[in-house]
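There is one chain below, alone, in C-alpha cells, taken in the form predicted on its own.
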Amino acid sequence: MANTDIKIKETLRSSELEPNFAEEITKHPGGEKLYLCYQCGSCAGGCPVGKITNSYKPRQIIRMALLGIKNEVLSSDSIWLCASCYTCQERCPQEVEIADLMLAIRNIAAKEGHAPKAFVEQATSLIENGRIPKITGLTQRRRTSLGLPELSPAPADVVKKIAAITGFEQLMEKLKEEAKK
C-alpha cells in the first residue's frame, strides 16, 4: 500500500470540501451513526492496528469525513487497514459502529474507483477461481500427510454468477481499469 498516510493540507478551502460527504456515508449500511461521533479517541486508543502502524487513525478518518474532505479520505489506503476486530465499537461511548463505518467508506471508495491493488487482485482471484488462494499440489500433499481430505475444486461458476448478479464483477473490472491508469 503506497498511500497509507492521510495528509491534510495546512489550509483547507471550503471550495475543496464536499459538504454532503458525511450525509452520503450515513446513507450506506454501517454509516448511519457517523454524526454521533464526538471525537473522544476511544476508537484510536484501543485499535490494535493503530498500535502497530501510525497510518491507521480511525478518529482522524471520521473527522475528515465529517468535515467533507472526501477525496483525501477515499483515495487513502489507510481506510483499508481496519481489521474489523470491533474493539473500537466495544469501546465507543456513543455506540458508533466504527468498523462498519469503515466498511461503508471503503464501499464508497471502491465505487468511485479507489481500492488497493492487492484487494483488486484478491477479488479477481475469487471471481475467477472461486477462492482467493489457488490450491496447489503442495497444499494437497501437505493436507494428505496431515490426514486431511483433499480440497475439492471451488464452485467458481457459482461465485462468478453471484459476482455478476450483485454487480461485484463489474466493480472489479472498473477498479482494474483504474489501477492501469
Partner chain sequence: MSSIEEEQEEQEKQEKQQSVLVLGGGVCGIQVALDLADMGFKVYLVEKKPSIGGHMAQLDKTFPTLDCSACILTPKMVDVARHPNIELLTYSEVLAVSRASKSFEVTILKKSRYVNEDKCTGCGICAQYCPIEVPNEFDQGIGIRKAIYVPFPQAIPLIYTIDKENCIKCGLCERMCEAEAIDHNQQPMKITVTVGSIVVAVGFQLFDAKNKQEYGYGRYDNVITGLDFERLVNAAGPTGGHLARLSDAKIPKKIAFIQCVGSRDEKSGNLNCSRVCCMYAIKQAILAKEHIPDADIHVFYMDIRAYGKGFEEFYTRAKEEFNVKFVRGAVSEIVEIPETKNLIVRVEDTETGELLEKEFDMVVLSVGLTPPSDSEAIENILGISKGEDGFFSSPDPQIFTVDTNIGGIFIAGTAEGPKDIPDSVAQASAAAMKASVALVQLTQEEKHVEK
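Positions refer to the first chain, counted from 1. Quick caveat, the model's predicted, so the values are computed rather than measured.
Omitted here: the form predicted together with its partner chain. The next part is about that form.
None of the heavy atoms of Leu74 is located within 4.5 Å of its partner chain in the predicted complex.
Its partner chain in the predicted complex is approached by Gly45, whose closest heavy atom lies within 4.5 angstroms of it. A residue is said to contact a partner when one of its heavy atoms sits within 4.5 Å of a partner heavy atom; Lys70 fails this definition for its partner chain in the predicted complex, lying far away. Mapping the unseen interface onto this chain, Gly41 counts among the residues with a heavy atom inside 4.5 Å of its partner chain in the predicted complex.
Contacts with its partner chain in the predicted complex, taken as any heavy atom within 4.5 Å, map within 53 to 70 to Lys57, Arg59, Gln60.
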